[in-house]
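Consider the single chain below, provided in structure tokens and representing the form predicted alone.
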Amino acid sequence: MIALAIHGGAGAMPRRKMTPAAAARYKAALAHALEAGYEVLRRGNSLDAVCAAVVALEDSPLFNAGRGACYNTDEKHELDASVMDGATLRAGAVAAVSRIRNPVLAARAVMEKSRHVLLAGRGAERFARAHGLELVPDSYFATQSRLAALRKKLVGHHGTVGAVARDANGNLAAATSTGGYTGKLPGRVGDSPIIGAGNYADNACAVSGTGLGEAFIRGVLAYDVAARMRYLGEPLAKAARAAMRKLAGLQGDGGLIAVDHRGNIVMPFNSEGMYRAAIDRKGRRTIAIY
């Protein structure tokens, strides 16, 4: 029994502005990432699967992570990512990196090839280079739509990508990656690389969040889902709904994807839309925006 869910961010384009052609592009990109992760999951483990799915999302210019990352006030890119292995509680993350093509792979390298959990900035980039990961020039991340959003002062435009999975051995994993939000201050780090805030996995549930990062940090939202399941005995769906209420109480918008040890998937959100897709334990596929 295997299951996989992905998200491309809760900062979805408003429904009134979403054309059929644009919706088709987003859904095709989600489908591509979903199948990339699921192909790995069918023959491998949950950690490999979430990384494969997130790499596909980072490589797409449509989503605010990797190639499609948004700009800070200096018209630069600073990217964050994290991974967590539910079977071992190992985790790795990078923050405020500007040259790593796939931050999620750097996060995994931190987890597997260092004694640390989180590396930031130039140190993280040196570490990534030393372990054979691809570094790219600033121009790789440049997209006209993101730059236009900054120059129109669309401050607060945010988005994140992520994946959660259960593999055939019952092990869970989660991965999250982001460019932050348009107009953020240089050096700002959101929830995506913070274990327990925007990303968490044990072998009871795996969670990846998207939305207003500061609210996810203050509410420790990803871990909150796991804690409610562990200490209150709540099922996944109830725990996730409670986390969304907590997010709203913190004046935050966004959503999350989560999978539990039985392969149940939830994808709640309180924003207008959330790019999301899943293949559940029965092999049924879902791709949706609103």
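In this text, residue numbers run from 1 along the sequence as written. These numbers were taken from a predicted model, which means no experiment stands behind them.
The form predicted in complex with another copy of the chain exists for this protein as well; it is not shown, and the discussion that follows is about that form.
Spot the stretch among 169-177, 132-140, 184-192, 98-106 with residues whose non-hydrogen atoms come within 4.5 Å of another copy of the chain in the model of the complex.
Among the candidates, contact is made by 184-192.
Would you say all of G123, L232 and L250 touch another copy of the chain in the model of the complex, counting a heavy atom within 4.5 Å as a touch?
Judged in the model of the complex, G123, L232 and L250 all sit within 4.5 Å of another copy of the chain.
Can you pick the one in M84, A81, V161, A165 that has a heavy atom within 4.5 Å of another copy of the chain in the model of the complex?
Among M84, A81, V161, A165, a heavy atom within 4.5 Å of another copy of the chain in the model of the complex occurs only for M84.
Quick one: is Y223 in contact with another copy of the chain in the model of the complex, heavy atoms, 4.5 Å cut-off?
Result yes; Y223 sits at the interface with another copy of the chain in the model of the complex.
Against another copy of the chain in the model of the complex, would E112 count as a contact residue? Criterion: heavy atoms within 4.5 Å.
Close contact is absent here: in the model of the complex, E112 is far from another copy of the chain, nothing within 4.5 Å, heavy atoms only.
State yes or no: in the model of the complex, is some non-hydrogen atom of L119 no more than 4.5 angstroms from a non-hydrogen atom of another copy of the chain?
It does: once another copy of the chain is placed as it appears in the model of the complex, L119 has a heavy atom within 4.5 Å of it.
With the cut-off set at 4.5 Å between non-hydrogen atoms, does R67 touch another copy of the chain in the model of the complex?
No, R67 is distant from the partner.
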